[in-house]
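What follows is one chain in structure tokens, specifically the form predicted alone.
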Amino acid sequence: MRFTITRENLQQGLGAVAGAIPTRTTLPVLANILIEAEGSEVRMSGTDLDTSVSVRVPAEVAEAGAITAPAKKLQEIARELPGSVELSAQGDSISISSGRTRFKLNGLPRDEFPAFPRVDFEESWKLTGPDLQRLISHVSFAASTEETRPILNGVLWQLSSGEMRMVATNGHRLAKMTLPVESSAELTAVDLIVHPRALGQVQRLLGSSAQVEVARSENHIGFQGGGVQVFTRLIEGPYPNYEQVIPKDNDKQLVADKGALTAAIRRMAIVASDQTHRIRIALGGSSLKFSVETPDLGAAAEELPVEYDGDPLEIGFNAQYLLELLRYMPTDEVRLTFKAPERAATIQPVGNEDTPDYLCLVMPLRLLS
């Protein structure tokens, strides 16, 4: 194998694949990047056995071939090279030259590198990279990071012929977004559970692509666009029925400026308990009253003019959850709905024709008398 590649293209390929290389592994080949040279491009691939990434970059290929190279050292070398790079492999030895600089690295045979999952893109869903990025960024943050309920560590992805929906929750707050999509055929609706870490890779590598194809096999989901492919193993098991927890009968409605609401909650959070982050909200008339009282620390209060329709209500929330959900609201105004002090509240964007179908939910905290 022998090819010449610009330093920029080499760094681009290595950087794209680096996120799939495990920091620690008992299999030496997983610390390597698979390099395949053929035609007018080089394909670089990396995997941790759960998520696999492959990217194609232009190169002048003099001799086709493949080998695996130590990912970390190859990245460090590429970063320091003065210009265009010639890379060749003889047996398990890799030679790298640029200007008057020469390196030799010990590689491993291609045969030792794990095979990528087989995912058929003939039947796929299609959407733009920015839409996919919006879907992932607005939902995956809500997935749980605790190991007590492993299924909630994943993001539910519901795919059908005309739309895709993503849902994530940790049991205390929930985010749900639905976007219209194209599909190459009348595809059977499926529910998949994907790890947020893999979705982060997809967002990073495909977020700016003009078009992204999404396809699945029995155990994997695959994404491709702009010379990049990402595959990840699906999380097995039934996802909880999230529709059951989304309230349908909330009869109290609040519309507020997102910026003013966020700033007020942030101020209240300063003196909220470090354990519960509890703040008290009192609704009634045309104002929203915040109050916080933490015995060992102090107290705070603030009043905010809002549009409120409903009977007076006092309810408690985790300030950090509210701030997190408000951060992802894509409009300047938001609508919150309530039912009772012990019932879930919803948050939705207001006032933008281009706003997607987006809903967040937050469970209340019990108020101390």
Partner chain sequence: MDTTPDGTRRILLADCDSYFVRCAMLADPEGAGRAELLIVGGKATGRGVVTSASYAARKYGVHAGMPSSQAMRLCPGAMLVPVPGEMVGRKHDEVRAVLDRFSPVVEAASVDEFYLDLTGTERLYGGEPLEDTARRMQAAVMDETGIAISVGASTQRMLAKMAASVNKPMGVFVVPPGREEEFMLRFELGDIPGVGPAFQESLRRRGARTVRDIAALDEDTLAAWLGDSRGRWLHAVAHGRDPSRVHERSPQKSVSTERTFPVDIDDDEELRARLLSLAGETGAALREDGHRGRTITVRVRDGDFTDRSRSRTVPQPVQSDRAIYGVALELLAELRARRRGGVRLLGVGVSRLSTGDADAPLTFFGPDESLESPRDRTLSEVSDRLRRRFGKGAIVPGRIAPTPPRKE
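Numbering follows the first chain given and starts at 1. If you're wondering where the values come from, they're calculated on a predicted model, not measured in any experiment.
The form predicted together with its partner chain is left out here; the points below concern that form.
Trainee: Could you tell me which stretch in 133-141, 114-122, 228-236, 276-284 has residues with non-hydrogen atoms within 4.5 Å of its partner chain in the predicted complex?
Mentor: This holds for exactly one stretch, 276-284.
Trainee: Tell me, out of Asp249, Glu80, Glu218, Asp296, which residue has a non-hydrogen atom within 4.5 angstroms of its partner chain in the predicted complex.
Mentor: Selected option: Asp296.
Trainee: Using 4.5 Å between non-hydrogen atoms, is Pro109 touching its partner chain in the predicted complex?
Mentor: Contact with its partner chain, no.
Trainee: Look up in the predicted complex whether Ala256 has a non-hydrogen atom within 4.5 angstroms of its partner chain, and give yes or no.
Mentor: Taking the distances in the predicted complex, the answer for Ala256 is no, it never comes within 4.5 Å of its partner chain.
Trainee: Going by a heavy atom distance of 4.5 Å, is His172 a contact of its partner chain in the predicted complex?
Mentor: Close contact exists here: in the predicted complex, His172 approaches its partner chain to within 4.5 Å, heavy atoms only.
Trainee: For Leu361, is any heavy atom within 4.5 Å of its partner chain in the predicted complex, or not?
Mentor: Contact check for Leu361: yes, within 4.5 Å of its partner chain in the predicted complex.
Trainee: Its partner chain is absent from this chain, but in the predicted complex, do Arg24, Asn241 and Val245 each have a non-hydrogen atom within 4.5 Å of it?
Mentor: Judged in the predicted complex, Arg24, Asn241 and Val245 all sit within 4.5 Å of its partner chain.
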